[in-house]
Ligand code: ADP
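We begin with a single chain expressed as structure tokens, specifically the form predicted on its own.
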């Protein structure tokens, strides 16, 4: 017998340690996860049977069986699904192949440290390992569909850092998970406990779940006596909830079904349940979650509702049914018209799928609009979780730009932190003659309201939207809402103070400005008078079409090559420093001291922008030199 002992991957060791030793009151979820895995295995086998019926024709009585052995203290969950080969069982049960594992573990550690419920099991594909919360040992016996009985494999582990894999024999295809319960967890052998967990979490599983129930029956030998017999009984309703009339479905049933398909303990924000009839017939049961999954921004996050064709699950996540900016939507779509053997390639070029996608997108956006208009507080809770994803539609769905724009919420400089306005709110409060929707990209509300770039806007009573996500500059640069163009206050030449004043200042400071341009020609694209500053002496701005600093940093962090962008130095000629510099220029011409002041202004603009000085050592020397000169003059006086 080929026997092999292997170490768990580091992440699995850490995960098992957390699950076994951290307080987690929802231990019962281990059974939900095992039943969910069994259901998935049967779905895979059913789908494979559509194209390879010779392998499965002997056994199409799909079922899940829970077996209790009180003598050996074991609970077994069996299925006749797709099964696993030796390599698959090592890969599936020895590794967590997920880019979000680090984040999951961090959240588990934080929850354990704070003695709080993590409510995370299932979100990261770690459901199987939850069984170690109640088990002292787990054995998994599996045989891959289509392979002979002697090709089966046995996996075994106590969750202490390693696992054993060896050859085995199994008559039928599928998988048996045998959980050797800890002595203090024997309650999970009780019929009422198992039934309660199945009713709570797995009642809507499409495949029948059976349990041997102990009953008393009259003895056939002596009718005056009763004997105990065990009979197999189906313990789940096996109802396709999405096919029932929504008027007959309670909120509790919707919530439990959502928890079943999403592995999320929170109730959804909204339920969208409808049936489309006509040229394209399908039923959709969709959910808007209330909490964003931790891994929703990872590249391998699975998007799209489950796709069924006449109650046969074809895909666990059908990404072609929903646009990526609505990837938070969970649910089921059951079509009457698609072929049972539909493939991903067929889906991508199928007109019927495109019709379903348009219908779902329309329904979801209409539902969000209804939430925004009639349940603003609830909508703001949703937006804090998913607004960053929703606004991606501005960039990717041009045909619905304005509809999506109407759903967006923004902080602004005229509102307290955490208070939102819509774009319509902003337009309704425009100043007379205001042509643009102004916005500033910043790391926080506080940084934005303290920024020198909005000084003239504050003085003139203009509101400025605050955008805090790194991708905002791409999304909103050039965006237009209700015929009003978005304009970044960090870019271009903005003049809220009038051209007449600029012309007057050019006559006074023109020569000094030209000298500053010459001195800073290697560092900046241009030096010009500012129409956005009222108090600060200077700032650096981007040309129209340039990417801003926050996006530039993000792209560099992603390994993208970003060329060096020269910015424009804007100076505030109303600031007293330029009167003094101009006097020095007229008195001493192009002196070293004046050159130091110009260099110092540029470095100051860098720091105001949140950048590091080009040469901190040289900057300190310049400041020290100017301080020494100033002190020397004062001492002589």
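Small disclaimer: the values here were computed from a predicted structure and weren't measured. Positions refer to the first chain, counted from 1.
Although not depicted, the form predicted together with this ligand is the subject of the following passage.
- Among residues of the shown chain, residue 92 is one whose heavy atoms approach this ligand to within 4.5 Å in the predicted bound form.
- In the predicted bound form, residue 537 stays away from this ligand, with no heavy atom inside 4.5 Å.
- Although the partner is absent from this view, residue 38 contacts this ligand in the predicted bound form, with a non-hydrogen atom inside 4.5 angstroms.
- In the predicted bound form, at least one heavy atom of residue 127 sits within 4.5 Å of this ligand.
- Only one of 81-89, 235-243, 190-198, 147-155 lies within 4.5 Å of this ligand in the predicted bound form by heavy atoms, and it is 81-89.
- Though this ligand is absent from this view, in the predicted bound form it lies within 4.5 Å of a heavy atom of just one residue from 441, 412, 131, 175, which is 175.
- Among the residues 27, 599, 44, 65, the one placing a heavy atom within 4.5 Å of this ligand in the predicted bound form is 44.
- Residues of 156-174 include none with a non-hydrogen atom no more than 4.5 angstroms from this ligand in the predicted bound form.
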